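The chain below stands alone and is given in structure tokens; this is the form predicted on its own.
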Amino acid sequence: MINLYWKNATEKVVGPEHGLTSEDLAGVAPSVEAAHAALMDQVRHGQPGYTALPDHPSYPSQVKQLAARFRENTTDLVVLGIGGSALGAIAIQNALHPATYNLISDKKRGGPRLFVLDNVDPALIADTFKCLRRRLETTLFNVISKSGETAETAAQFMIVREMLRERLGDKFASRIVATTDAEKGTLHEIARQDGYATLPVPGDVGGRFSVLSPVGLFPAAMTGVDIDAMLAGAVAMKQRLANPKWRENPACVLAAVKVLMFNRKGKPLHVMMPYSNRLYMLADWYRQIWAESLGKRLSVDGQREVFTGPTPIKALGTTDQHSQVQLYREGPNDKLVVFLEVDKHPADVRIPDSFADVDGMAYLAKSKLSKLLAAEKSATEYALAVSKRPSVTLRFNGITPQSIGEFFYLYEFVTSLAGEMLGINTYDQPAVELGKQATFALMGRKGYEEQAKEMKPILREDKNYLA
């Protein structure tokens, strides 16, 4: 189970200027209660779409059936996707498998190696395909795109399709799974014509909220993750978050803390700092869902410019104690830190009693690394508090499929609540579209000629500004 501890974000610890006061909490209560009531009313009608995923009646069985079909004849799984089509798979893999997963032998690993190509960096693509060239007949490519027209994923897919056709001939389609719109779209049509196995991208779920759909579940199931347990964790969290008593509801409290810190306490930067390498990629997933959902120019009715949204940042304990905490303690007091803490790690190591006569090292002897890591987290928490820097902690009892499912649903719900409280549309991303259109124009896509002309004055290089 995940619990939220938030005392260090209050005036009791960091003072009334930077911490939440009883007046702040009383003032935010109507807003968070109204946001929760509005969201729960939507949930009763099956919206937002992500809220129906933990207990979806058919997605898990579809995923497991397809995974069972491919696991025995697949040594390598390559996910082609970007943003929400990739970050969830990466976070699950990083959390629930050892860091050395891809280095374990095929016989002992228990599932295919996983490569997630979430960029079009040519060296990344070339290096990965070079690594897989001798195993192409047993490599499965999972292309994930609702429409199929996202430039990065489309380019990757075109390369893969041709590579497979050259090697496998008419059998190339047997090594592609398309996760896409179930009824329409470019990739849907290509999959139907070529004969790929397919999985659905829910039509009412945006990419950044799709991790508990086949988008995230299929790569997880292929590598042996217990997706039923992960979904059960999400269901348990969904039930907890139905509680209307907001001070007992971790999503309501976390949303209230975050919005108050942003609106009232001058904290526009929200850092997620896991004290576990296994949880580090959860911070990457968080950055997208938080930034793309809450960074908005217009109010929800489209009538006012609000330019709102806390900026998400990721850090890693203890690594970033030695790079970022200096800034966090003595730089501008403009940050809220969200620690991720683990009670029981998947593995532990004891420090030997090697230097009993060396004062600077003897204190570490016979301790476990888990104890040292916990002490480092508490020490950072204390140091921030002394400097009047607020923080909260999400405590994981362990890193399990259940707790990862809990985390995903919790933060999706917190994001929705924060959007309600900020008065914006949480689910659109209009600012992303211009970049997509500009890419189409620069790559010569038909219909974007005027866009290309508009771009020329800005993109034309002026050597007067070349240093």
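Keep in mind it's a predicted model, so treat the numbers as computed, not measured. Numbering starts at 1 and follows the sequence shown.
What comes next is about the form predicted in complex with 5-phosphoarabinonic acid (PA5), which is not displayed.
Novice: So in the model of the complex, is 5-phosphoarabinonic acid (PA5) close enough to Glu292 to count as touching (4.5 Å, heavy atoms)?
Specialist: Looking in the model of the complex, residue contacts with 5-phosphoarabinonic acid (PA5) include Glu292, since a heavy atom lies within 4.5 Å.
Novice: Would Thr380 count as touching 5-phosphoarabinonic acid (PA5) in the model of the complex under a 4.5 Å heavy atom rule?
Specialist: Residue-level check for Thr380: no, no contact with 5-phosphoarabinonic acid (PA5).
Novice: Is Gly83 close enough to touch 5-phosphoarabinonic acid (PA5) in the model of the complex, meaning at least one heavy atom pair within 4.5 Å?
Specialist: Yes.
Novice: Just checking whether Arg44 would be counted as a contact of 5-phosphoarabinonic acid (PA5) in the model of the complex - the rule being heavy atoms within 4.5 angstroms.
Specialist: Flag for Arg44 set to no.
Novice: Given that the partner is absent here, state which listed stretch (83-91, 275-283, 320-328, 166-174) has heavy atoms within 4.5 Å of 5-phosphoarabinonic acid (PA5) in the model of the complex.
Specialist: Among the listed stretches, the partner-contacting one is 83-91.
Novice: Ok, Asn243, Ser387, Ser147, Ser299: which has a heavy atom sitting within 4.5 Å of 5-phosphoarabinonic acid (PA5) in the model of the complex?
Specialist: None of the others qualify; the residue that does is Ser147.
Novice: Within 4.5 Å, heavy atoms only, which of Asn263, Gln288, Thr308, Ser370 is in contact with 5-phosphoarabinonic acid (PA5) in the model of the complex?
Specialist: Selected residue: Gln288.
Novice: Enumerate the residues of 205-223 that have a non-hydrogen atom within 4.5 Å of 5-phosphoarabinonic acid (PA5) in the model of the complex, in sequence order, or give none.
Specialist: The stretch 205-223, when checked against 5-phosphoarabinonic acid (PA5) in the model of the complex, contributes Gly207, Arg208 at the 4.5 Å heavy-atom cut-off.
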